[in-house]
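Shown here is one chain on its own, the form predicted on its own, set out as structure tokens.
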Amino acid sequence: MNAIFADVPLFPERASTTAYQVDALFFFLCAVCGGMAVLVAALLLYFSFKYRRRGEDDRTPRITGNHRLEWFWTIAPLFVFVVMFVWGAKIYTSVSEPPPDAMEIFVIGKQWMWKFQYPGGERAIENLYVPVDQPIKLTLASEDVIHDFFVPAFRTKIDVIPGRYVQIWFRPTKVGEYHLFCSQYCGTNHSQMIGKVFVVERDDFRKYLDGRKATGSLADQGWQLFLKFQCNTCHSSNAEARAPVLEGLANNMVTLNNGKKVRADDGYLRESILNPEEKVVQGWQPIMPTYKGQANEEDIIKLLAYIKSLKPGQTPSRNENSSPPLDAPRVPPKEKIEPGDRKPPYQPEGQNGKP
């Protein structure tokens, strides 16, 4: 029995930059709370002994209070709690804001497995491979119920909620194999929703991706879905366009028909595909049908990758109805449009003016 427990570490291995920050705060909280608990217990025992009743005639002295002592035990804990809050908020903010050079990997939680999609189109189930010393940004979604993505060695933990995207990032610091759990009860086989995170050298990571043999990048696969769902019927590059041109839309501010402004992030784009009437861009009519039930979370991720990759001149024309080979350049020919032939396309605010 002793040999079994000897192999179980008191704390999980620290294998990311976040782990050191979280542990430092955790030890500080334990020291402060533990120290106060010991102090309170010791004072309780001391006062119980010192002021115990010694006889029938022993009377409790009348204590009117000490203002200095009251100010001290009010201000001192407040200062300590502010330190805890600021320290915790700093860690939370750093984890929620990935660096610009972070590699984005999409994660889908489903009863009872984790599915991963890499930018190059490679897919994996249960096992996530990442390069060492590379910031990794995870964009997570759930297909059914609430899950929780938890890698103890990275101190990375976040609820994955149906109907929305959540993001978290980490930078692995040690090559190795680490446990991945779902730490939110999600159904009968919750305990089987496990996996591994493999941190490897960069050359080994490239070899791993080469071995997955993806059929085109996420953007290329999204392009095929864009044509399959006939999105170019409205979001086209010709005069008959009946919806905003999507070039340059991602992560820019848009003005809605009600006058409100929102950022076209992943959540907005996903909502526009599944519930297009919720937030209609100013100057356009709510004629787009919903693709709820037709496009699953994996399809939406591919469509988002395609939309975010669009550059000027890459929007398919209305009459393009088939997917060209994956190795063909993704720059469909643009029709000649005379002034006044069509409504001006959507222009992202802050770049080319207002819509």
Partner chain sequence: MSDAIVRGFVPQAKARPPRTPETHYLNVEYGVKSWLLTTDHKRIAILYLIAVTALFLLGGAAATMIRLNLMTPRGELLPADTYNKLFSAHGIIMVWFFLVPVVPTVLGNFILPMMVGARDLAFPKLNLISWYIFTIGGIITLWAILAGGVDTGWTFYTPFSTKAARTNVIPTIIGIFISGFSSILTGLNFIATLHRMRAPGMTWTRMPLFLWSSYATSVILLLATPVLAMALILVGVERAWGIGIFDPDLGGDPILFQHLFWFYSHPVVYVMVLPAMGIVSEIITCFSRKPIFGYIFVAWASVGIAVLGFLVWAHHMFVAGQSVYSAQVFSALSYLVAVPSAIKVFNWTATLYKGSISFETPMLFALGFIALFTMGGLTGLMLAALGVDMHVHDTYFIIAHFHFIMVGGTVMAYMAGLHYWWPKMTGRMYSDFLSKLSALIIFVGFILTFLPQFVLGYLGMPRRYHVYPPEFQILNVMSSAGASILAVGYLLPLIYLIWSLFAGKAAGPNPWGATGLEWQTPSPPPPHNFDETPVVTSGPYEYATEEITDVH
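Numbering follows the first chain given and starts at 1. Bear in mind that the values here come from a model prediction, so they are computed numbers and not experimental data.
We do not show the form predicted in complex with the partner chain, though everything after this point is about it.
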Can you check 128 to 136, 226 to 234, 188 to 196, 102 to 110 and let me know which stretch has heavy atoms within 4.5 Å of the partner chain in the predicted complex?
-> 188 to 196
Mark Ile158 yes when one of its heavy atoms lies within 4.5 Å of a heavy atom of the partner chain in the predicted complex, and no otherwise.
-> yes
The partner chain contact in the predicted complex: Lys207, any heavy atom under 4.5 Å | no
Does the partner chain get within 4.5 angstroms of any non-hydrogen atom of Pro162 in the predicted complex?
-> yes
Residue contact check: Val95 to the partner chain in the predicted complex, 4.5 Å heavy atom | yes
Interface residues of 15 to 48 toward the partner chain, as seen in the predicted complex [heavy atoms, 4.5 Å] = Thr18, Val22, Asp23, Leu25, Phe26, Leu29, Cys30, Cys33, Met36, Ala37, Val40, Leu43, Leu44, Phe47, Ser48
